[in-house]
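Take a look at this one chain, the form predicted alone, written out in structure tokens.
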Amino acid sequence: MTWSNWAGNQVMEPARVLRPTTVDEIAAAVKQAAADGLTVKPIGSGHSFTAIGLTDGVLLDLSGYDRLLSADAGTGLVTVEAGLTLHRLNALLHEHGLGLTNMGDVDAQTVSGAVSTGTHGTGRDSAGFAAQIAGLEIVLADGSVVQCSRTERPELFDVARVGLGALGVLSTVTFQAEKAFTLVADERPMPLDEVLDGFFDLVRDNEHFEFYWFPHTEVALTKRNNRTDEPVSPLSKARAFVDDELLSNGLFELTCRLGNRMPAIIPKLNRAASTALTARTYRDVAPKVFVSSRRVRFREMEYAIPRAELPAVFAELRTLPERIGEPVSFPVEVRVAPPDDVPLSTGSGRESAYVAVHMYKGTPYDRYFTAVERLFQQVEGRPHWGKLHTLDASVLRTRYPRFDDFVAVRNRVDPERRFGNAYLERVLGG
């Protein structure tokens, strides 16, 4: 079997593919792999752009391991099997009157993949998935099944909330959810200079703020999402279709293809797209506001930088495509997160601004991403574990004060590197 990820830039041919549906089957697969001298990697929806999930050993397809195990509306504690997709998780939570405090704008990932790579959304006060985890069940390298939380195996829990798939196979995840809530979404174009000048005020004044900027233009699309007690008032089906399906996916796909064939016209296409941006306001349940439809395929690099550095970094980034002679069709995305206490979370111990750059699938990206990464390195940026970057353990150790805490736990629970691969060897060391 040949497997490739969503973006098509990672490919593997594992020796065996297993599709466990119980934790006992996962444990048996790990034990058998050890007996056969093979590595083991679980795989979800393939939405990571890095080689974090690749193996030439045993591939565990968790798509059949996807049940809701418990949901307590009183405490908000929800336990799910790790192969469950975020899309289905949101639907199940809604059925129980619950919702996650924050999430990213894509819901195709599995719980396992989202947790393991440090997936996040944007939030003034609310961090990513790692901050919403109350407990984990993990199958370790010896096939044992262990539970961990802040009170049970706390050292393992501490690091496993963003575990990179290096510690074991996540079998279940317990989230601390809350009562379902409604967000009012205010989306509008603004002059880029105005957004950058008022960036810290926009972050302060909104629970969830982000903006998108099309290179070669002076316009940004801003998104403000805030809680409301008013009843839902979603976009009409016609407006949602035109904005989110016809323009953001259908027409955008066509312009990306055109730009791929004729790169010189990309700046004109972007300027035309920026003039088509219009304001809209609506109210809906949180997942329908957080999540956007993303069908145009791309490659992505995202770094977390100290939030105070964002204006200076963006001042350089906005002129970068012209300076290196590289037309860029895809927008740059900027989000924020508060500090958290997870050792390998990109938000560990500092307020972050997240800057993500993209290139349309099939477009050479090395030159642009290399230049962008060099800029992020000047401010000690931390790369998203599931998105393209070139850093190795020697550099990452300097970016994460508790890097060696993670490595120490890994050495204890997987000394033979049963869950290792080339990517993990690069970013964590041997």
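The first residue of the shown sequence is 1; numbering continues from there. A quick note: this is a predicted structure, and the numbers were derived from the prediction, not measured.
Absent from the display: the form predicted together with a small molecule. The rest refers to it.
Here the chain stands alone, but in the model of the complex its contact with the small molecule, taken as any heavy atom within 4.5 Å, falls in 100 to 108 among 150 to 158, 100 to 108, 277 to 285, 179 to 187. Contact annotation for residue 162: none of its heavy atoms lies within 4.5 Å of the small molecule in the model of the complex. Mapping the unseen interface onto this chain, residue 314 falls outside it, with no heavy atom inside 4.5 Å of the small molecule in the model of the complex.
When contacts are judged by a 4.5 Å heavy atom cut-off, residue 41 counts as touching the small molecule in the model of the complex.
In the model of the complex, the small molecule sits beyond 4.5 Å of every heavy atom of residue 381. Shown without its partner, this chain lists 96, 268, 257, 294 as candidates; in the model of the complex, only 294 has a non-hydrogen atom within 4.5 angstroms of the small molecule.
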